[in-house]
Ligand code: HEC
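Consider the single chain below, provided in structure tokens and representing the form predicted alone.
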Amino acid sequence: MSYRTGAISLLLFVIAVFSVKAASAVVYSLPELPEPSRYGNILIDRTATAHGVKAVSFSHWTHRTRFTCRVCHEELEFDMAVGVTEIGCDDIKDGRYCGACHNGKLAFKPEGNCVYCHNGDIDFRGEDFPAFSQDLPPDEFGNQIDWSEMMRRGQVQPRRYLNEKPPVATFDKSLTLEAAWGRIPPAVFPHKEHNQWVDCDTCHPDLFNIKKKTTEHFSMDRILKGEFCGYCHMKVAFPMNACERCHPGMKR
């Protein structure tokens, strides 16, 4: 091998190594996560501040033990995006949205308990989180609770509906999705675990069009921007920091 050929080969090797490292840096450049007690918490301030009251705090972990995602986002028609659903106090008093449960029977009634919602505190009741989570199956990221494992153990049995009983989803096939990068193991999507929390039409066809049988556009950068899997993961469901949860066999 000539000196020139060897130099070119070495240069190409170095470029390839740095390209892989650069690409890896992009994929693993994940957003910083909040404290476990705040993961999944939101502040709803569509009109609150404008009307001189504090924003509404909502903690998913305090509600997930009692209700599945579909109860609020399908049956009660809460939009997935924060602050989009037009909720007013009159709606709640009439039994809509939050008022479907917060009626003094299933949960505290709104009258006289305004501070429980209108507190403007993203970590409201955060001091209760350690006692809440101490006996639950641990996870490394998010609010550090493995909700799927907790369901399997029967430690929580959230209600799937309030008034409208949904059909039972029988499709439990796990899908294997090849990764775009050669050294990344395939992602595995289990329908069964997801069907415990949401309906089929939560994902299809708006997020995943099953008529277009391709995964070429399921790139991590789009997922991290809130598309596809990122619609729930990184927000309430476990974050993508747990690479091996989706890509079994992957090492971080």
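We number the residues from 1 along the sequence you see. Everything quoted here is computed from the prediction, not taken from an experiment.
Heads up, the form predicted in complex with this ligand isn't pictured, but that's what we're talking about next.
Although the partner is absent from this view, Glu111 contacts this ligand in the predicted bound form, with a non-hydrogen atom inside 4.5 angstroms. Heavy atoms of Leu136 never reach within 4.5 Å of this ligand in the predicted bound form, leaving it off the interface. Taking the partner from elsewhere, Gly88 is found to have a heavy atom lying within 4.5 Å of this ligand in the predicted bound form. Taking the partner from elsewhere, Arg153 is found to have every heavy atom lying beyond 4.5 Å of this ligand in the predicted bound form. Contacts between 49-64 and this ligand, taken as any heavy atom within 4.5 Å in the predicted bound form, involve His51, Val53, Val56, Ser57, Phe58, Ser59, His60, Thr62, His63, Arg64.
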